[in-house]
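Shown next as structure tokens: one chain only, the form predicted on its own.
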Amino acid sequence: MNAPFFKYEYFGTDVSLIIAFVIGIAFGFALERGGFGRATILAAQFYFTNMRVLKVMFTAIVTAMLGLFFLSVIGFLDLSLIYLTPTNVMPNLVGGLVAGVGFVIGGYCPGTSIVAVATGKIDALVYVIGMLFGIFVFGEMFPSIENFFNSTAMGSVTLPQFFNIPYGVVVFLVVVMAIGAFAAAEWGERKMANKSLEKKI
């Protein structure tokens, strides 16, 4: 048996949707139990007072990356069959900026806002309504921005392909970057905790 299972047709589209639904529910439950259904915790990372989001997300990225890498090394997973979203540099940069600003203002990202709505958070409901309105506006505006949306296309490209370096080197560098990010996050939390203590004194 080899992966990805769907590409090798071990199951069809209907079963894949059921699996995706179950994984989505499990992911949402994990987010909620991790405190990611509260805007105060999510927004705290921008003030360096609680870097839980960065730590959890970086851990998830590194875990998935190492899993995919070693499964490909032993020949279980064919990385060339993994779907990659095509890259359009400028539209991706603008979209990332808009999403980041929305995250800072609203205190949620799209996924965590749905988690918060499921637990009855009113602010998250307002956020989701705003997000749906934004999607509607984007759809209405799409004909006028279609050229920009499809501009600066690079196709489906990975970092090893882009920099022309071995996959393993990129994996190592990302792990080093994650360790550095963890250390910086711990330092930032201690720094902000000391400032809060100084204010109380």
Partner chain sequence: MNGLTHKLSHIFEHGDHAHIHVKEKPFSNPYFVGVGLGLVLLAAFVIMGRGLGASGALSTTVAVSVNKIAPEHAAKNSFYTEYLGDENSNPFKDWLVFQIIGVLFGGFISGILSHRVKKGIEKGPRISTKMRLVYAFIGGGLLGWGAKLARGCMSGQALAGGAVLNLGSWIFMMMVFAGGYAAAYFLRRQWI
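Positions refer to the first chain, counted from 1. Predicted, not measured: the structure shown is a model, and the values here were computed from it.
Keep in mind the form predicted in complex with the partner chain is missing from the figure; the text below concerns it.
K.L.:
Check residue 61 for me: does it contact the partner chain in the predicted complex (non-hydrogen atoms, 4.5 angstroms)?
P.N.:
Because a heavy atom of residue 61 falls inside 4.5 Å of the partner chain in the predicted complex, the answer is yes.
K.L.:
Would you classify residue 98 as touching the partner chain in the predicted complex, given a 4.5 Å non-hydrogen atom cut-off?
P.N.:
Result yes; residue 98 sits at the interface with the partner chain in the predicted complex.
K.L.:
Is there a heavy atom of residue 159 no more than 4.5 Å from a heavy atom of the partner chain in the predicted complex?
P.N.:
Heavy-atom contact with the partner chain at 4.5 Å: present for residue 159.
K.L.:
Can you check whether residue 135 is within 4.5 Å of the partner chain in the predicted complex, heavy atom basis?
P.N.:
Looking in the predicted complex, residue contacts with the partner chain include residue 135, since a heavy atom lies within 4.5 Å.
K.L.:
Going through 75 to 111, which residues have a heavy atom within 4.5 Å of the partner chain in the predicted complex? Please give them in sequence order.
P.N.:
The stretch touches the partner through 76, 77, 81, 82, 83, 84, 85, 86, 87, 88, 89, 91, 92, 93, 94, 95, 96, 97, 98, 99, 100, 101, 102, 103, 104, 105, 106, 107, 108, 109, 110, 111.
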